[in-house]
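Listed next as structure tokens is one chain, alone, in the form predicted alone.
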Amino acid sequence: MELTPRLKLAADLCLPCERIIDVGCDHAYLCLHLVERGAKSAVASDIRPGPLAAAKEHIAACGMSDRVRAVLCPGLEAFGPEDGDTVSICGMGGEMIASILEAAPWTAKGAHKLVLQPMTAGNKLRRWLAANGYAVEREALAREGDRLYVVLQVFGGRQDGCGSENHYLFTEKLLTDPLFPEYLEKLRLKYEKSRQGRASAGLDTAEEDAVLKRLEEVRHGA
């Protein structure tokens, strides 16, 4: 099963795993790949009937219906801690990912590996994780075209800053990633644009100023 760089990175951070629950599964590509790589079983979950029907067709076409099942449900509502050892939530906004975890408090106990790939609001997700007893074990970047995606490997039942010293934009785990300098520059451009817009509107720019200062410090190795 060939995956995009974003999903391939997510799969790598899931492994090793025995039973995977993939929330927002699209065509079940991640589940099928992980079963091919040694997972005993997988659950492809989605809130939308259309994508889930496509996932079922794809699972059947790959001859994997005995090891990969599809479930229609919002977030993790249909699951409990006994249903898997690994949970992946990819391709959603950071605030949505946080709300899914908040509704499944068993994910915070530390017995499950969580692989999270926020499309937006990664800083808000990291802030929520830090405030709710989750720690980022690994963090890495993947490039697709001109866009960079960050993927987090997270465990509950632990405490760390989750990047608080970096305004929750990244954790220290990301600093050695080969793509980090490019990611840093994209963040700088984003916050510089935001600062200019707020300044033009006569709004306070203290947050943007603090972020830009920290990004410059990181760029120079401070």
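All of these numbers come straight from a predicted model, not from anything done at the bench. Just count from 1 along the sequence shown to find any residue number.
Omitted here: the form predicted together with a small molecule. The next part is about that form.
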- Task: Would you kindly say which of 188, 158, 67, 48 lies with a heavy atom within 4.5 Å of the small molecule in the predicted bound form?
- Result: 48
- Interface residue in the predicted bound form among 73, 131, 111, 103, criterion: non-hydrogen atom within 4.5 angstroms of the small molecule: 73
- Would you please decide whether residue 177 lies within 4.5 angstroms of the small molecule in the predicted bound form, comparing each non-hydrogen atom pair? no
- Task: Tell me, yes or no, whether residue 98 is in contact with the small molecule in the predicted bound form, where a contact means a heavy atom of each within 4.5 Å.
- Result: no
- Message: I'd like to check something about residue 90: if you look in the predicted bound form, is any of its heavy atoms closer than or equal to 4.5 Å to a heavy atom of the small molecule?
- Response: yes
- 4.5 Å heavy atom contact, residue 8 to the small molecule in the predicted bound form: no
- The stretch from 191 to 199, 53 to 61, 149 to 157, 22 to 30 that lies within 4.5 Å of the small molecule in the predicted bound form, judged by heavy atoms, is 22 to 30
